[in-house]
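We've got the same protein chain twice here, in two forms, each standing alone as structure tokens: structure 1 and structure 2.
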Structure 1
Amino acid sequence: MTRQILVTSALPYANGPIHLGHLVEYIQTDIFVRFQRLRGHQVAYLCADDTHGTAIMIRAQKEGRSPEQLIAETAVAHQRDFAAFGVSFDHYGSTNSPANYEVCTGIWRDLRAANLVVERSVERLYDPVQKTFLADRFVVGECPRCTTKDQYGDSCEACGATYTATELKNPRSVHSGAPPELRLSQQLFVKLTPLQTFLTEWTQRSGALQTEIANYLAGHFLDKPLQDWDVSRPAPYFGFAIPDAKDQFWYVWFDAPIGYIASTQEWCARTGQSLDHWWKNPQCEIVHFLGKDITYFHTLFWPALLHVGGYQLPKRVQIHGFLRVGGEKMSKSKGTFVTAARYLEHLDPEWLRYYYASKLSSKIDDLDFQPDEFVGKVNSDLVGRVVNLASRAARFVESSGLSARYPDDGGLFATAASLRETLATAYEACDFREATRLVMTLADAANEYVESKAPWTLKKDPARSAELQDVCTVVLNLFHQIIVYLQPVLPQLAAKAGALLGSPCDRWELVTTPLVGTRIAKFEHLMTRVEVAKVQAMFVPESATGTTPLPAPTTPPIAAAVLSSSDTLSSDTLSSDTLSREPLAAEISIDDFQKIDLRIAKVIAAEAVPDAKKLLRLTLSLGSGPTRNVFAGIKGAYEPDQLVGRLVVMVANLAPRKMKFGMSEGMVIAAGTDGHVFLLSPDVGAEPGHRLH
């Protein structure tokens, strides 16, 4: 049955750029949305910029422009970054829109009619420098429970406690750094106690919340009368003026979530649909994705507004944890606060989509970005186990195409097809870690098949061309299934794979029907490997115009071994007469040099040649295709077991040479004089098959 699903991500604040922490949520949401579309469901993915508040107003003043100019510029940057990471919104709006004011006004009328709005004077923190009252998020200080420093005025990231901003110890304004003053302010509040029975029922019995969230609300808020919710701010303030309260503006946390509805309204107006069909239709599943820091607002205040306004409540609120880098909170001073734009300067966005997917479960655990793990997962899983399948088979059938009927594969295709419901369950639960794990088991099985059938060997015998076509048909069908399963995670790779195979990867049921008799396009690289140096470059802090560059991290995010000083030699260790004993060769042209194809190779086997004094027989892998048999005169310098697993440099296009002990299919590069031999080794991050330039 086709489902109708409305999906939102939390609205990013217009006061700053999108960064890697934000992208956890938007990538998680987009994977869920793409999965639902892949299954054929009707999905609308809505979002908007959160544009109101004191922070926007003060920043615009400092920069000598209007808040409207600031948020317009930010909207362009945010949408550009989201698009680069493949986040597929159906509509992206702004909370500073006529549609949002209209919806806010309607819900406010309903709150007034229900006698849920009260006014009273309260003491609030005031910034004497900026001359404005401070929202909780713009006051920092020591947590009143655990004394952790630099915590916001509403909750502590260290111990999870919630409190009011006036309870902070040693508070200071985020805007000016000044200690805030307590001043009386006239405020409007929404009474929540009349709605407490409804909120208790919804949070504890609807099934919309993760168990740990339901328990958290029950133990921290719903076990006592709910406090009234402060929903106004006095002038000066950038936001919507409350129509029936002089010099009062709706607090940003009132109009921000209403932006979900307003963005839907704008989308409906553009596409000729009805807002009520999405927000007042019991058959429509409303799903919110958000971070754990805004749980309180989205699971108590927001449901209260929806209930009073006559809108449908979310069927599901999927909450995730924070992103840390190397086990620590992101930090500008350490170079671990990375914007989306900064990432895109160095790395492929699909790499991050896969990395996050491989770590995201249905739980609320924090994610830890480990650069060495990032490199390993992309290079091993995506390039080595998935893309490698296509590169090892597609070239062999570019002229013949796939077999006219699907060959016997020992049950591999049927096994992969049988996993579709298990994988669907994992995707539905947002357990993307389990989904990617299962897909990698299919990739492993497919690679074992490739190794056992060795199409590169079959290619050498024209009499076995039909067998070669059958083997490649199996491999490319297994690859197609894997790509369909990964399409929600890797939409760009799926599009490239579809073009290669002449068949789209955009419907879930495609995994049940083999591709036969189709033409295969000329193979082009589908994905490159991650270079460690580029990951390192991403973590080098940027210098902003007119500011002093931030210091580089004292401990680089990449594993310390990458930059170990033991990997360098001082000039004192070099012999001063090396050149005199072995002078430079005659000059060559660049054309001469370019004829030599130097490649990184991995030693997968090594053995002594019994009747040779200097030779070792090496079996080298270039990452794909057949292995190479190479004889190397390094017997006196290296034991065979020291070499297995090592990366070396080889001349890959040297004509095979028949020797007494067999055929040598290349040459490994070494240095040294007077019988001292030293194999050349590539830097960390190089992979078999990489060409030296």
Structure 2
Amino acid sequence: MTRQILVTSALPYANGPIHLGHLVEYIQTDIFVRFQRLRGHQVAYLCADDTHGTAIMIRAQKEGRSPEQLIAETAVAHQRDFAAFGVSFDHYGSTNSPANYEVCTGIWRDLRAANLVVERSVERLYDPVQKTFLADRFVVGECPRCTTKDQYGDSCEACGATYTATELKNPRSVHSGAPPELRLSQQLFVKLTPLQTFLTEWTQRSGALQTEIANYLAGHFLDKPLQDWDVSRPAPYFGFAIPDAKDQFWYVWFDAPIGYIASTQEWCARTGQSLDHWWKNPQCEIVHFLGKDITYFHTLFWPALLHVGGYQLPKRVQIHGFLRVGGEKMSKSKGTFVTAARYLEHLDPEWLRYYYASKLSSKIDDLDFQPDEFVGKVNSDLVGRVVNLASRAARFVESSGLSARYPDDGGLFATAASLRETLATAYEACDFREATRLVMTLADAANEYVESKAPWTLKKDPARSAELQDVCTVVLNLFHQIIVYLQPVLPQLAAKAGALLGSPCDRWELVTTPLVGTRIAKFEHLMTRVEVAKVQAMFVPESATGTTPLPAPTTPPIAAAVLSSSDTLSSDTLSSDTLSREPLAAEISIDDFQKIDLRIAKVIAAEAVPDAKKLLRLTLSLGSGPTRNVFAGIKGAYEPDQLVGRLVVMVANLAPRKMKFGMSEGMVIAAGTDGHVFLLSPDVGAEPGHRLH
């Protein structure tokens, strides 16, 4: 049965660029969407920019232009980034559109008709310079309890006190610096208590929500009367003026989710469809993808609005966690706040799609980007196992094509085909980690098959050419199945593989029918390997280009240490003020220090490396155990002969590093910079193997 599915990703705020954190959501949604399309279902994937609110208004003002100019520019950038990552929206709108105003007005009318709108006078903070009301977080001052400076208007990060913004000492607007005033504002509220029974029923029993979310709502909001929701903001405000209220605008969170409907309407108008067919049709499954930070809006207010407006409620709200990098929050100063654009300067978008897929489950857990793991997944899973299959087989059948009949493969093809329901279940549940894991077991089986049939041996015997063709037919068919299964994750790879095999990989059921008798195109690499250095290069601290000191690298210690071996030695000439030239790194714990195993080592042999400008090859002894081969960038400062026999300090547990001239199994500690390098020596008595504490 063909399903009709409307899918949305949360609307990105038009106040900043798309970054790797956003992409967790858009890639996750896109994989789901492409999976459904692959299965032959009718899918509409909709999104839009979220354009209203104080933040955008203030920023545009600061930049001396209109909010419309700002959001127009952002819209272009956002859509360019999404396209680059293969996010396949059917339509991308804007909440600042006539369509959105129309839908907002309709729902507003329904709220009024249901008697759910009430007016109330509220005391609010006002910035007299910017002439705008201020949310609590736009007011800073000293904590009234502990007097810590620069605390926001709601709570103190130092002592944990909570208070209202008016209690701050020396309060000031973050926009203008002016002390805020208190002013009365007539605001409009949506009453939610009349909808409480409905919301309780829907959140707890519809099955649309993940269990954690249902529990959260039950224990936090639905256990007591829901508060009325303040949906208006006084002028000036960048947004839609409420048609039947003077100088009041809809709060951005009122019109933002309505943007889902408005975007659909624009798409329907463009393609000659009916909006009701998508939003008022019980047969249509509405699925929202969003981050956990906006759970509350999408699981209480939004269903309330839909309910009152007579729209279908979401069949499913799929909530995901946040992206972390190296176990920490993304940070601009640490360089881990990576925009989509910066990623694209260094790396292939399909790598990220696969990496995220391999980590995503339907849980709400945060997802941690780990550079080493990223490299491992791409190189080992995609290049080493999947793409390698085509690489191992395609060349043997470039002239002959595939066998006319599918040969006996011991049941491999049938087994892979029979996995399709299990895989479909995993994709359907957004358990992409499980899906990719299962596909990799198929790739393993296929590689074992190659090994057991040894086509390279068959090739040497012209009498066995038919057998060779059969083996390659099997391998390429297994490859084809794998690619079809991965198509939602890797659409570009699927397109390239389709061209190679002369058959598209665009329908799920293709995995049940072997390709036979077709020609195979000349083999070209389908995907390149990724190098660690390229991933590291992406993490550039924001301050790196300025004059502020570089913070300690957050990249894994291995990579950082490897970089340091060349960086410190190749940097500029010695400065008179060495400390300011290379400022102190961030503080570390004793545990951090103890990870580094520094040892006394004896130089057994030293020689210049031919063709290397700066390197000496050292053979180091730690007293016992095997000697270490270490390349050190000290050629300009030391003669090999003078080093033999002396003691040095080395990092003994540094991961071996493959260098152009061989493996380097450690790092020799030295001070100074290029041309002025000074090795460290212990006092008399220290022996090779001694650890430094």
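Keep in mind it's a predicted model, so treat the numbers as computed, not measured. Whichever C-alpha set is largest while still superposing within 1.5 Å between the two forms counts as the rigid core. Numbering for residues begins at 1 and runs along the sequence of structure 1.
The form predicted in complex with the RNA appears here as structure 2; structure 1 is the other form of the chain. After superposition on the rigid core, the Cα atom of H41 is displaced by less than 2 Å between structures 1 and 2. After superposing the rigid core, the Cα of L116 is displaced by less than 2 Å between structures 1 and 2. Core-superposed comparison between structures 1 and 2: the CA of A55 stays below a 2 Å shift. Core fit done between structures 1 and 2; CA of P128 shifted by 5.7 Å.
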